[in-house]
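As a starting point, one isolated chain is supplied in structure tokens, in the form predicted on its own.
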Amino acid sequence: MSFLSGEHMTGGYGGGANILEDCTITVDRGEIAVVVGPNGAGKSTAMKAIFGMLDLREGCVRLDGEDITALSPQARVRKGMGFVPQTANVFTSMTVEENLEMGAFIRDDDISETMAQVFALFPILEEKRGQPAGELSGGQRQQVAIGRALMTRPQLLMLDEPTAGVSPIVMDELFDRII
């Protein structure tokens, strides 16, 4: 049994045409999976369907054997999913630290250890913790977005185009840190 499975997913936005048609994605625990395809192929849409941001007309999503198809994105976060969208993935007027704190919205315990882990993973964020995220470079914003998702301590982390708008040097560093 796969840790994550989106089975026979069919759906689209609102009452419009289907964008996904009988799409199945499975990922085992501990596996790094990559979805590759041309622009407009439905990669982001499939991730949004798995995360509950797109209503499925057919199919189901299971996490660790549990059917989570009817759950909201917030409920999926509580079940252990993290998602970093391709765009609009930071609160630009909030500081780096406030963005990370927002990532821990589901937690009622002390988040300082996880915050320290994120700062250890992305040292530049600790230096810029009091700076508004909107003033950061594209690569630094991606680090904030990934760090915010990590603040929930997810069992599954989905990244949609994590290196979009990032220089090749930063891209290599970001991939190293993700892995």
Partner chain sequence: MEDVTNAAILILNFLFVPGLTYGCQLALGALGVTLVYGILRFSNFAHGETMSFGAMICILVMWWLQSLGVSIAPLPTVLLALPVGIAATVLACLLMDRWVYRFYRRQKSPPVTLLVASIGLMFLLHGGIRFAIGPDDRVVGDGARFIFNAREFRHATGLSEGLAFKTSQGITIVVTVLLVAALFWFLNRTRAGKSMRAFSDNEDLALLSGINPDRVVMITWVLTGILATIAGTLYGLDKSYKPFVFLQLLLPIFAAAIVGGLGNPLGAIAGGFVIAFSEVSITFAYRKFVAYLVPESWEPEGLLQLLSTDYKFAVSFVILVLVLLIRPTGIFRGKVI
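Positions refer to the first chain, counted from 1. Computed from a predicted model, the values in this text were never measured in an experiment.
Beyond what is shown, the protein has a form predicted together with its partner chain; the following relates to that form.
Annotated contact segment (heavy atom within 4.5 Å of its partner chain in the predicted complex): 47-55, selected among 28-36, 62-70, 112-120, 47-55.
Within this chain, P85 lines the site of its partner chain in the predicted complex, having a heavy atom no more than 4.5 Å away.
A residue is said to contact a partner when one of its heavy atoms sits within 4.5 Å of a partner heavy atom; K128 fails this definition for its partner chain in the predicted complex, lying far away. Interface membership of R141, defined by any non-hydrogen atom within 4.5 Å of its partner chain in the predicted complex, is ruled out. Contacts between 87-103 and its partner chain, taken as any heavy atom within 4.5 Å in the predicted complex, involve A88, N89, V90, F91, T92, S93, M94, E98, E101, M102, G103.
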